[in-house]
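In the block that follows, a single chain appears as structure tokens, in the form predicted on its own.
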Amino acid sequence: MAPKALDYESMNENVKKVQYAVRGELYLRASELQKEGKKIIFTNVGNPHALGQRPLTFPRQVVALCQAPFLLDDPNVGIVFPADAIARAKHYLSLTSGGLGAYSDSRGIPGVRKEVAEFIERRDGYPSDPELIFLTDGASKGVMQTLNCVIRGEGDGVVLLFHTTWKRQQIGVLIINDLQQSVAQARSKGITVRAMVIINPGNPTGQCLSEANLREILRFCYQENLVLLGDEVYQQNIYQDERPFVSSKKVLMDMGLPFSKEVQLVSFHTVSKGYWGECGQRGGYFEMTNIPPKTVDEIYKIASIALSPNVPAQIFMGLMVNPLKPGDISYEQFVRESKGILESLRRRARMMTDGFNSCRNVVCNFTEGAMYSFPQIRLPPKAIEAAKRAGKVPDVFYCLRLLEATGISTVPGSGFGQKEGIFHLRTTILPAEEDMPAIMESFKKFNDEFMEQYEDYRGYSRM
């Protein structure tokens, strides 16, 4: 009998080729161990609430009222909900065509897109057009929509920039040299490079790009005729003062002509990160800069096939970009909650960096931003040989052993395309602050025992 359409042997080969290390072999093994009763610490994905972060009160109050609008008619509603939450819920319900249960425009609720545009204008100091902003089910859906328009077939490619351990005074030169080499290598294989992706602040590295870095990247995109996809979902997650977040759009506009009118840019943001951490709500947006109107119409057409982005998430997005202001009843509580989350994340970033750097053959840059640490693990030759015998990539071998010994679920650096012969792992900095010392102690104990097992002698070079 001939294979059926959805038998494994006959399904789309491109689906089988997809690899996603964040929820790959390590995650599947962690899930198995969890079913067997082992305590697992899932640091493989930036999922703040799953690791104990409490939701912000005010946005949940507003969305609760939007979800159950009959509460607004209850004479006692003012006893349970503050007046500013009630007012904001009425505002957002007035923007919908039938409450949260009705489809919105396929680009998102016009009034919320206007709030996003106003947020961008306040942030960057340049105008933003709501007609060029699409609300999406998380930033990832917007990235998929954009890539589907950019990539025409197997002959097209995208260059992805990671920034890790480069010296600060050389970072601009090193970035451009690496980019030129990557693009030249791709073109030598017959690939047409059409776009560049940057994640700033960085994932997996936790590093931040400076304005000078961004200028060089934008100039490179201009020279090479690449559209820049700027993933800026971690823009609230900054843990140092030397390199504050600056958007790609602001730098592009500051550069002036010809760059400000020629470089195509799509920027992404979300409610899933920052001090909101509302991953499960699936709220995001993208803004298009220098994209021709006919292309925007085609993107709108594709968005229309999905009918509507998640409407409750659009409300969360509106609340994020149009936050409470001084004098609002709930303002002080909101500031107290958000500031507490960010200050704790800054402390956890330092605790994790210091913890990794106290371990044998482990070196880690300070997590300047985002939600991740990306330590380099200097694996001894014997460990690499043992990994090969086990049929594993060396850092996958290390991370699996770490998982089995400690329950800490991480992502091997090989999942991010690291340089050959250099090994990393990625972990979030999201475990509860009170749990962090025990987690890092557990990691150190495992790592030092692992190195003891596979080293030929003590004092193996850290670099």
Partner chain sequence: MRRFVIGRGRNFLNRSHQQNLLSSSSSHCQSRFLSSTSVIDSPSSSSMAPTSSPAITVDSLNPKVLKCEYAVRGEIVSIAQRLQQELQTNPGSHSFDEILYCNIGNPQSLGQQPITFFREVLALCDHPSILDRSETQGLFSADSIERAWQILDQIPGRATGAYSHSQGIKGLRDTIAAGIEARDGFPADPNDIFLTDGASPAVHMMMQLLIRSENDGILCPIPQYPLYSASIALHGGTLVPYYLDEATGWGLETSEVKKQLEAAKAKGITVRALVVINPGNPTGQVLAEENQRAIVEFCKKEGLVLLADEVYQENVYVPEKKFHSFKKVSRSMGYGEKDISLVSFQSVSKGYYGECGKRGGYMEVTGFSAEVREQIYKVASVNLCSNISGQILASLVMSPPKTLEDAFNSLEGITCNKAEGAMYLFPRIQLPEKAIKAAEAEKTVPDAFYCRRLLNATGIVLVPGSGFGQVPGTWHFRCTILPQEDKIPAIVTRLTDFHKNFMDKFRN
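Values in this document were obtained by computation on a predicted structure and should not be read as measured data. Positions refer to the first chain, counted from 1.
Same protein, other form: the form predicted together with its partner chain, not shown, and the subject of what follows.
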* Asked: Just one of 137-145, 374-382, 199-207, 237-245 has heavy atoms within 4.5 Å of its partner chain in the model of the complex; which?
  -> 137-145
* **Whether I86, S182 and G369 all lie within 4.5 angstroms of its partner chain in the model of the complex by heavy atom** => no
* Asked: So in the model of the complex, does F268 come within 4.5 Å of its partner chain, heavy atom to heavy atom?
  -> no
* Decide whether N213 counts as a contact residue for its partner chain in the model of the complex under a heavy atom distance cut-off of 4.5 Å. => no
* in the model of the complex, E298 touching its partner chain (heavy atom, 4.5 Å) -> yes
* Report whether the minimum heavy atom distance between L342 and its partner chain in the model of the complex is within 4.5 Å. => no
* Counting non-hydrogen atoms within 4.5 angstroms of its partner chain in the model of the complex, say which of L95, V363, I302, V335 makes the cut. => I302
* Asked: Of I151, M351, I329, A390, which one comes within 4.5 Å of its partner chain in the model of the complex, counting heavy atoms only?
  -> I151
* Asked: Using a 4.5 Å cut-off on heavy atoms, which residues of 252-278 contact its partner chain in the model of the complex?
  -> F259, Q264, S272, K273, G277, E278
